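Take a look at this single chain, the form predicted alone, given in structure tokens.
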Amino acid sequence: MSPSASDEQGRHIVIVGGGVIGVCSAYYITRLIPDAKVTLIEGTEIAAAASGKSGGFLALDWCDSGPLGKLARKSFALHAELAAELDGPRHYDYRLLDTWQIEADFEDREVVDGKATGRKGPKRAVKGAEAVPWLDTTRVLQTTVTGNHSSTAQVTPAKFARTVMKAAQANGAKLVIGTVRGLRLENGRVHAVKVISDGRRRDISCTDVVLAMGPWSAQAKEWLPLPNLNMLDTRAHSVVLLPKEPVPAQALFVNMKVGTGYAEPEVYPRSDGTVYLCGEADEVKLPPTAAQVEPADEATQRLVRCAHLLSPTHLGNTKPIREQACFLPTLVDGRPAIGKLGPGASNVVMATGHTCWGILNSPATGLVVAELLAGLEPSVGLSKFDTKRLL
């Protein structure tokens, strides 16, 4: 189908990628451009990769010192708005929480059969340890408040992404499960997306394309002139545990000495009663699809051992109900790329490279993508995320 024929049938915006950036883009496009047809193409399922396996931690001001500062502040506010609109507390466990930095010493302790062994440590906990009584306070060296109900919150990422996608679908967006094999270009514009879906090849005609492919964004180099679109292959591990006792809404960023080394787990109790831990990362080759991402057993077991040491009363001797890994969408310069690609692909918008802050920044990114397509001034300046550096 030619671009002119597509235009005669109305505007059709195709989004490639069913992570949080893609679904938030779909949601805000359906709100700002209600007459447009919106199709989201996802290869596996909504939130199959990092968007379904990350911690879901949200922070108002933790990105202030870097390029994401204004985007993060806008997005933190949008998360609160979305939670009100979509009943976030019920549908995806949105809640405000307190956040702590914890220093702990387990130098002489190890875990045997799920139980911590070794000396008991100091007889009295340090000042401030009483705020986190579910930890082994005899091993806590220092506690620092780094967030409260005005500045930190959380969601369960997979539930969040799927709820937002359902809202976009209620507004008219369509979901296609299929593999994108390329783009058809004519006169510097994409006029169709080549897809394999339901076992057959077909072209989906379009007037605009949004590429929100997370760590798989570099595949677009095969379709478009993007020689500098290079991603790191950073795999992050996580586990989900079911504690023996309820754990309060306290996110913990831990620096703990274990044996002769150190570990830095992040601990996120969730409102469904589970506890999520992450913090083990490595560099391995990105597989072709999200379904093929596998964790390294030794990495997830280290996280489980950290949990047993940190909280013998609540997490000791517990086995993970999920062991998982995902790849962080990280461009080599560490900055997201958000914006139109310009000559050679003038109707393509790129939105990728949010590293570990994708869940936090997804609403504001989706909003500015929709604003660009609607011809509006973006709510957040995009100069720091200029896509021209990819050309």
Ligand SMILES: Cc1cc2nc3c(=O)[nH]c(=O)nc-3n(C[C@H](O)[C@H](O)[C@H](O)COP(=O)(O)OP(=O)(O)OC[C@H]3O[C@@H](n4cnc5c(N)ncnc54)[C@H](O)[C@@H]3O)c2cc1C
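Residues carry their position along the shown sequence, with the first being 1. What you see is a predicted model, and the numbers here were worked out from it, not measured in a lab.
Another form exists, predicted in complex with the ligand; not displayed. Remarks below refer to it.
Chemist: For a quick test of understanding: in the model of the complex, does each of 82, 164 and 380 have a heavy atom within 4.5 Å of the ligand?
Modeler: Verified in the model of the complex; spot residues all out of contact, no.
Chemist: Okay, which stretch from 205-213, 133-141, 164-172, 70-78 lines the ligand in the model of the complex, with non-hydrogen atoms inside 4.5 Å?
Modeler: Selected range: 205-213.
Chemist: Is residue 359 part of the interface with the ligand in the model of the complex - any heavy atom within 4.5 Å?
Modeler: Judged by the heavy-atom cut-off of 4.5 Å, residue 359 is in contact with the ligand in the model of the complex.
Chemist: Does any part of residue 180 reach within 4.5 Å of the ligand in the model of the complex? Heavy atoms only, please.
Modeler: Heavy-atom contact with the ligand at 4.5 Å: present for residue 180.
Chemist: Just checking whether residue 339 would be counted as a contact of the ligand in the model of the complex - the rule being heavy atoms within 4.5 angstroms.
Modeler: Heavy-atom contact with the ligand at 4.5 Å: absent for residue 339.
Chemist: So in the model of the complex, is the ligand close enough to residue 39 to count as touching (4.5 Å, heavy atoms)?
Modeler: Result no; residue 39 lies far from the ligand in the model of the complex.
Chemist: What residues of 265-286, in sequence order, lie within 4.5 Å of the ligand in the model of the complex by heavy atom?
Modeler: Heavy-atom contacts within 4.5 Å come from 268, 276, 278.
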